[in-house]
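We begin with a single chain expressed as structure tokens, specifically the form predicted on its own.
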Amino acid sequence: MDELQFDIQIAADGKLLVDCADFTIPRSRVTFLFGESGIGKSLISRAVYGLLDPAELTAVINGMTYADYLRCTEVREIREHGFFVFQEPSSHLNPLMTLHDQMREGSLARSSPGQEALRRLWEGRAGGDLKEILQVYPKPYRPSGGEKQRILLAMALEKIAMLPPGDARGPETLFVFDEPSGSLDNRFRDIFLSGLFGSYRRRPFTGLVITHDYSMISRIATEDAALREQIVFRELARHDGGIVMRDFDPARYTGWVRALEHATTTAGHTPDRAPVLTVDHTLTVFGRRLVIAPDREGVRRTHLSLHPGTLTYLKAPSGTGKTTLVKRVMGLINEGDIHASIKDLRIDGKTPRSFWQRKIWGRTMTMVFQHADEALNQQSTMRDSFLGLPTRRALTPDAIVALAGELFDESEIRELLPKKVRFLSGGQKQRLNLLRGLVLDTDILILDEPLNGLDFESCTRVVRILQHKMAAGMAILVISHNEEIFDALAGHRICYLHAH
């Protein structure tokens, strides 16, 4: 297979951050790259594309200094004919230019003015909200994260459409999509993938999609099976102090999901015990009316009820208020009107914060936050992060090692336990974050994006632990973009949140 091949070392202040001897991207193929958050996927891809700041980072690529690497013909062609979609769109968008002007900026000025890709990502609507949003000067909260992401994806698809016609053996191309679905629900993710593969069918190019969304594998298998030979699945993993790139067998994921579905189906339905948490179907937080429904359209209403030994999946598009709702239920937001019961305790909009402190937090209910940095002390060591938790049993040094072993390999544990949290990778922080919540063994566990930043092996471990917790009687509420996985785990226990 004809490939772009790179031997890459990246350092900062003399400290080696990345050492990957064989980072390869097949030419004229679309590669999906998986791996734990913080392992180096984005950093390596930026280096390859020519986006590193030499004042902050020192890089050696294929034995060349970074300055020499940037002078290579293939790198210059990549920069001219490719595109890089950043994980955080705000790092690309200019707050001093309207989105309309940015869609026509630089090399995109040669693109057709029809903005076909943009209309596709707005589901074919050329007027209304799309016209309005194109006049916006980007701000931190406007457009929304999902809208910004779609703008960047549209720019990339427009750039692909500008490639000279013919086969793929023209100038070097590289289109990098770093977490392109991070702020998108599955509907918009699938619209993007349809546009990506539609563009590829018209004119093959070299593509790299960096993602934690393993459910893309299932979508590709059903919708783009004809392109299977042109699609490559790989992952980055740690090995002997460095990073290796290896093939990822898509059947590992699809087979695992089928097994989850089978286990949920064959478990059958057992009579529900009394709910340990019930939230009335309508509540108000920060002036927004949130409604819980049993259907995606929100035609009906339902209370949110969690029963022992079950997992309930709460769904809604990004920005609807899922995290706001669960933080209100946890008493972390003490604003607005709510009516709920936690076991035999009633709460409403007047319940004082002290109630949650005495009765709920870490005793009856625990929440694991979407972003590990919200819950972790960056100056603490990993070992000390477990100390002081209101666990039912004292955590001895041996017990901490055993607990860490549920989500960390033995070799990792020895290295990481004495290390400060701020030096852990994103995926390592998330595993620590999960363990701190799971060890409390409360009646109710709320998980906000629990698989955020995890590799496949860690995802399977987390799900296995959740299955064990349910078997022991725990009630679990999950918010997650990983719809396929939690659809399989929840079965019929799915609720939808709507904002009015």
Partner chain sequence: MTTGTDRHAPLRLAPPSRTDIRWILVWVAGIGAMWLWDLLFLNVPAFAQVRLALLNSFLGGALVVVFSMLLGWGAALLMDTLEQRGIRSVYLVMTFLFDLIRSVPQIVGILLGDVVLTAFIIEGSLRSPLLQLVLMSVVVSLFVFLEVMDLIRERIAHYRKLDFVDAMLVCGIPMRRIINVEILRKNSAAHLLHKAVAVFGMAVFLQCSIDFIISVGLSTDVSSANFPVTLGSLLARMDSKQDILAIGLTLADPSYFGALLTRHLQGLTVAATIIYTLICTHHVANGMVRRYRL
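Because the structure is a prediction, the values reported are computed rather than measured. Numbering follows the first chain given and starts at 1.
Beyond what is shown, the protein has a form predicted in complex with its partner chain; the following relates to that form.
*Every residue of T58, Y69 and G388 near its partner chain in the predicted complex, heavy atom within 4.5 Å*: Spot residues vs its partner chain: full contact, yes.
*Does its partner chain get within 4.5 angstroms of any non-hydrogen atom of G362 in the predicted complex?*
Looking in the predicted complex, residue contacts with its partner chain include G362, since a heavy atom lies within 4.5 Å.
*Even though its partner chain is not shown here, does Q357 get within 4.5 Å of it in the predicted complex, heavy atoms only?*
So Q357 counts as contacting its partner chain.
*asked:* Can you tell me if F369 lies within 4.5 angstroms of its partner chain in the predicted complex, counting non-hydrogen atoms only?
replied: Yes - in the predicted complex, heavy atoms of F369 and its partner chain come within 4.5 Å of each other.
*Look up in the predicted complex whether L130 has a non-hydrogen atom within 4.5 angstroms of its partner chain, and give yes or no.*
Answer no; every heavy atom of L130 is more than 4.5 Å from its partner chain in the predicted complex.
*Go through E80, E74, E123, D249 and name the one with a heavy atom inside 4.5 Å of its partner chain in the predicted complex.*
In short, E74.
*T284, T302, S380, N94: which sits within 4.5 Å of its partner chain in the predicted complex by any heavy atom?*
Of the candidates T284, T302, S380, N94, S380 is the one lying within 4.5 Å of its partner chain in the predicted complex.
*in the predicted complex, which of 465-473, 60-68, 449-457, 39-47 comes within 4.5 Å of its partner chain (heavy atoms)?*
Going by heavy atoms within 4.5 Å, the stretch is 60-68.
_in the predicted complex: members of 431-450 within 4.5 Å of its partner chain, any heavy atom_ = Contacts from 431-450: R436, L440.
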